[in-house]
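Next comes just one chain, in structure tokens: the form predicted alone.
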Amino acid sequence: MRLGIDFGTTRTVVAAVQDGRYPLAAFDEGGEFREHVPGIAALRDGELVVGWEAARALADGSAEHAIRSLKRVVSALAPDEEVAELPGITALELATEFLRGLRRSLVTHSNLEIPADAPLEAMVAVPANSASRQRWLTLEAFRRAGFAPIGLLNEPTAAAVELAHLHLADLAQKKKSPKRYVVVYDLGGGTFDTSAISLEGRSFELIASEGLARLGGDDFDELVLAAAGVAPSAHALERAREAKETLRPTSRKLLLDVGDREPISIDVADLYARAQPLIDRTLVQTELLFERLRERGIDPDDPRELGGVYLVGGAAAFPAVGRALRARFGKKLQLAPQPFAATAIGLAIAADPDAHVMIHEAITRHFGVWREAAGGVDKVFDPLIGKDTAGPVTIKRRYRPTHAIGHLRFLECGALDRAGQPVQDLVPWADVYFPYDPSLADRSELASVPNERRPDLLANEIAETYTYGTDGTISVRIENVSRGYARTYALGALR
């Protein structure tokens, strides 16, 4: 069976591929069917429990330790880094165990008829501006959990596929005014992405993307508690989320029941005022996206080209978000029929070979290296691969060294400032050491070797050749051209 799985911050949603249809998986939770699994993990009697079982432990107080928004927690950690709230459990182990629980629930407690030994092929997604280590962790956790990942898409791209599936005849194939692209505004539980996706037949290409790695519905939950004067905890934040999701555009008061006192009444106007700075931050990113479209020769003010601004993600249902976006985009704003499920359905469509969907993704983050400046006195950042670059690409650098060893510190980031320096969501990659000094050419371990200034090494010419492949992998070959030796390093994958 093929599935589209949106491993979400607050909710994980699964859509199946069934004879041209893409039904959502519904999970039997105490006789009530739920179309998601909550992103909760807890330690109960020393045992790790996840999903609905963890939600019950959190609600009845039997959890010794608990976290909500599991995806947001693990995305901030290295794969082998321990989760502070769950002692002895690493980020990769936690994500894997959650997805194992999801697989078990799909087989034993869902409305999908899946044999226990059936291979489950999954199209999965990550936030467009997620770091490479989060992308690696996501795929590795799915593999270890018993799924067979068949592709990894950016979440806004998957949502655009779902939109086009519903309205393709009204968008790219409209004879009088075919739409050139759609903008997806994706506000989830933990992240915000806004992406422009081209529309041409059933081919989807990421044009540009902006976003914030840590802004989403979780932050609105914290505002609910702040407005009520309640200290944040996993239990209280879950109650805040439940209360927040009862809000309607006409709501004036919000009742928060945390269980240990009388329900607290919150003025909705005050809550929306507290939330407005967060919403404004998403609008700044959206305007930045439009500026990048102008740089590519696309006029975002031309209604004949813009197919719409598609509002998806669980947090998009927060009424203040829709109000702010309607004020900005008017009739161009389109709310997904199922905002929390749009990504999963789009993933299932992309996984369906009979849907004949073609997707072309570019990278959504900048990649570069800190290296010694000319003269070897300072360090400078060299941006090697810019966001929106599509492989394959080859990048070359030539220079003359002033130290015995080249220590290259690779880095990816969400943006560059006007001076070309990395800003926003910086994530370091592994360091690389290369022997500029020919006498060290045979040394395999260089990190502990004293790195002396060696002006005499200026007689050597060094060449770096970076290869960015169509599969997102990056490698670099570093060569001492003057002395005829080289080393090749596989740096990882960037999307």
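Worth saying up front: this structure is predicted, and the values here are computed from it rather than measured. One-based numbering along the sequence shown.
Note that the form predicted together with a small molecule isn't included here; everything after this is about it.
With the partner left out here, the small molecule still marks one of 323-331, 408-416, 289-297, 306-314 in the predicted complex; by a 4.5 Å heavy atom cut-off that stretch is 306-314. Of the residues given (D270, E140, E245, E82), E245 alone sits with a heavy atom within 4.5 Å of the small molecule in the predicted complex. Of the residues given (F340, F367, Y185, Y181), F340 alone sits with a heavy atom within 4.5 Å of the small molecule in the predicted complex. Although the partner is absent from this view, G4 stays clear of the small molecule in the predicted complex, with no non-hydrogen atom inside 4.5 angstroms.
Contact annotation for S209: none of its heavy atoms lies within 4.5 Å of the small molecule in the predicted complex. In the predicted complex, at least one heavy atom of T191 sits within 4.5 Å of a heavy atom of the small molecule. Using a 4.5 angstroms threshold between heavy atoms, K387 stays clear of the small molecule in the predicted complex.
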